[in-house]
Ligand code: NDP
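Here we start with a single chain on its own, the form predicted on its own, put down as structure tokens.
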């Protein structure tokens, strides 16, 4: 404990009043019909961060009606790509202008470091700008080889009303992976943020109004999953649901949406391996492993929480990672020097710790950490940087999402064994490979069952590069051109030129 890097309470000024969040329905801000509210306290500082309108079925239904009326009116769905792009670009500028405000409430509600939250706001603005470019450049196909009297045209149209349900770990960033692409396609939307991090989505609603988005195109309903999310998933007026969160909830959404056969896009969990071959650059690999497991306190679907390292270099890698882990700054999220903040809830912290305790009982060794972290001046929920070695493939810590700052280390001897360990999992979100041999990297990348494979790096991402998982990590894709396609329907137009069709019914 004393050898770890801990950032004590910074003494940064905390807001005197909580953020007040309301629903955005049909272009107006509303309290819940029940007049009920719910509170969110900071997991790091304990202060009341926000007080939000508590939505219920009737509030969600009103939002869905507003979205449906907006879409059917064509006030957004049938305007030009240029006009849609203009609004999205204004929204991106406003995000940048309000980045500090967005970052502060994200930090207070989620416990993530303020520096990271600012970076995510800036990155989200980039997503909005990229989506704006797609609004102007998306197109279909034409077929003029069907004969002299026929012309075929394939067009892409917005799918309709989209329910967007976002998680707590990257509330504003993941909204940016979904909403601007749905808007670029011409859809109208109903958004439900997590009840633990609702406020940055409300701010986004304010910015969209300022950017000139027509009323009813984006509607926001705050509240809990069963009442609000359940309605958004099952309503027949909704054409598509896009959800990011746990695999268990994703399965329930898919089952509920099947009653109306609406489209479902799911970005779910991951147990993402980084595979380190003996010829890897150990210094770079160790740094990337350390980043991959502690980024966002490990509360990340892309967390590199499962390391598969060649047994010849395992001791070297573990020694390097443990040394680097001691230098990672854990503590007060409001201090710009902090790299890892608080855990989202006490209950989740207990779940993280239970995985470590169970692994110990099963014979694994805790090489570092493995306990609650005390931060001077703060009474929030923090967990130590933790490295667990001697993990075997059957242990829960090797197969299930811990969703915390806990690294599991397994070893291998051959490429075949490394691939078997990589693919022997229900998830298939991302993977990484470390080797100075390009042939090793290419073979692993092609055979790994993952939606994204990083080579000699970890978690680099760009708006142009599509993201999504295989197996139980989800279905559908986000960002990039394929991310836009998720929100589009393809329609074929078959046109005969002139009166050249021979009659089917004989005359006389």
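Keep in mind that this is a model prediction, so the values were computed, not measured. Numbering follows the first chain given and starts at 1.
One more form of this protein, predicted in complex with this ligand, exists but is not displayed; see below.
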This ligand in the model of the complex: contacting segment from 146-154, 263-271, 380-388, 94-102, heavy atom within 4.5 Å:
263-271
So in the model of the complex, are 225, 230 and 243 all sitting within 4.5 Å of this ligand, heavy atoms only?
yes
Candidate from 284, 252, 374, 73 lying within 4.5 Å of this ligand in the model of the complex - any heavy atom:
252
The one option of 130, 412, 168, 173 with any heavy atom within 4.5 Å of this ligand in the model of the complex is 168
Counting only non-hydrogen atoms and a 4.5 angstroms cut-off, does residue 405 reach this ligand in the model of the complex?
no
Does at least one non-hydrogen atom of residue 194 fall within 4.5 angstroms of this ligand in the model of the complex?
yes
Considering non-hydrogen atoms and a 4.5 Å limit, does this ligand approach residue 351 in the model of the complex?
yes
Since only the chain is shown here, I'm wondering whether residue 401 would be in contact with this ligand in the model of the complex (any heavy atom pair within 4.5 Å).
yes
Enumerate the residues of 91-116 that have a non-hydrogen atom within 4.5 Å of this ligand in the model of the complex, in sequence order, or give none.
none
